[in-house]
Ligand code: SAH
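As a starting point, one isolated chain is supplied in structure tokens, in the form predicted on its own.
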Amino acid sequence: MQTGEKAVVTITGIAAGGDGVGRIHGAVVFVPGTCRGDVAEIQIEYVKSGCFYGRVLRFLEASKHHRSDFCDACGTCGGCNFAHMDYEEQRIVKRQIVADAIERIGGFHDIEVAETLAAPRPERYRNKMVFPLGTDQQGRPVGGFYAPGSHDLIPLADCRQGDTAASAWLSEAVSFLREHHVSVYHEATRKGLARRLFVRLAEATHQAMVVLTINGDSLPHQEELINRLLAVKTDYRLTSVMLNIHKEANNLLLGSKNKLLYGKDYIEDILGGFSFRISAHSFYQVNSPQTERLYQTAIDLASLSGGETVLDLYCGIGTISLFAAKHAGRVIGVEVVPQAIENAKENAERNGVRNVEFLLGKAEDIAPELKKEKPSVVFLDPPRKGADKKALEALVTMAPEKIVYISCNPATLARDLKFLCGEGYSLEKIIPVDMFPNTSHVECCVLLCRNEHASI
């Protein structure tokens, strides 16, 4: 088979990145937008490392799991690479993605992976939406999402991953840009003003924040933009409008400087009975109802009795720390982002939680110093790249009885589990949690227990 040739493929599995998997003459072929059971005529797009990569020309036989009514942009927008699957199939596939990573990368065999914990809402669940801005074929400003693997903008009138309020504010902002001929940033030339529209929603309080990221210091007619955004009718109250100054030639979602245009520079939400202040730069899980279930699952795995010293590495703004503080004697949170630590301290103070403290620094630097605290339980919630090797080594020297690992990347999770289980821990439970329906992303809660005869 060569690039451009056609073939008929039966899809028998799903790869970790979301592509359907079949075989042509015994060789693996990856096909986006397909489900297990699909039979499709495809065209080979390219060949790499002995594998074919194709695109669907037509479906000859659609799988019973295939759906085509989720969004008109399915197949072109890169935001929802599982939206063509029914929800039960998504959960089954995510469980298999986790199991495959645990076996293939971690080297674990005969480890039972629990069924994927379903999200309360499979759509309209995101409390954070970041819309890149660009231009259409007529050169007019538009907003939407990028096509898969590119920065080609796909205009969207509505995104079903987020509340309709986010799309309504996007529409109003785009209309404002068009009417006032505000230029849109282009990466190739690094010219143009408006870069992104960023919306944060607090589901419990119905507060909302809208941030326009610009390649400059000010926005013409900004008072009119404020009034127009405030006039949009939604179920949320717009309590914060900001400009984010982002002049750097990078792909970061936000620059480092904000200018408050209206209201406060934060919104407040309630999660698990705790009140949290969320700024534009704060890390906060995007699926609020499922986040409560994720954290409660982690607490349940820890089986805290009330007297333990608990360490929360990569603690962010202190969400897990506060959840754990209700069940432990003392909690110590560690985070490298200064603003996140300040938010964590404020959140603890605001909620009257006295048995928690937060330390600023890298997990790998602070963890060795905390050995003397003798934590019996450690919560580990690293970014997608996984835990730092030095942090894991320091964790092993602490020898906590239990480690509860919360992961957003099965591959790095499997790698880190392999290390920890080679250093005296046993893998007890793996529970996938669907935080991001209609995408291939999956979180996991994992319990590790220290072997009785392990050396310290």
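Numbering starts at 1 and runs along the sequence shown. Since we're looking at a predicted model, the values are computed, not measured.
The form predicted together with the ligand exists for this protein as well; it is not shown, and the discussion that follows is about that form.
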item	value
Close approach of Pro220 to the ligand in the predicted bound form, 4.5 Å, heavy atom	no
Close approach of Pro383 to the ligand in the predicted bound form, 4.5 Å, heavy atom	yes
Contact flag, Glu364 vs the ligand in the predicted bound form, heavy atom cut 4.5 Å	yes
Gly316: touches the ligand in the predicted bound form, heavy atom cutoff 4.5 angstroms	yes
Option touching the ligand, based on a heavy atom within 4.5 Å in the predicted bound form, out of Val353, Leu153, Val337, Ile226	Val337
Interface residue in the predicted bound form among Ile320, Ala166, Ile267, Val310, criterion: non-hydrogen atom within 4.5 angstroms of the ligand	Ile320
Which of 283-291, 101-109, 120-128, 229-237 sits within 4.5 Å of the ligand in the predicted bound form, heavy atom basis	283-291
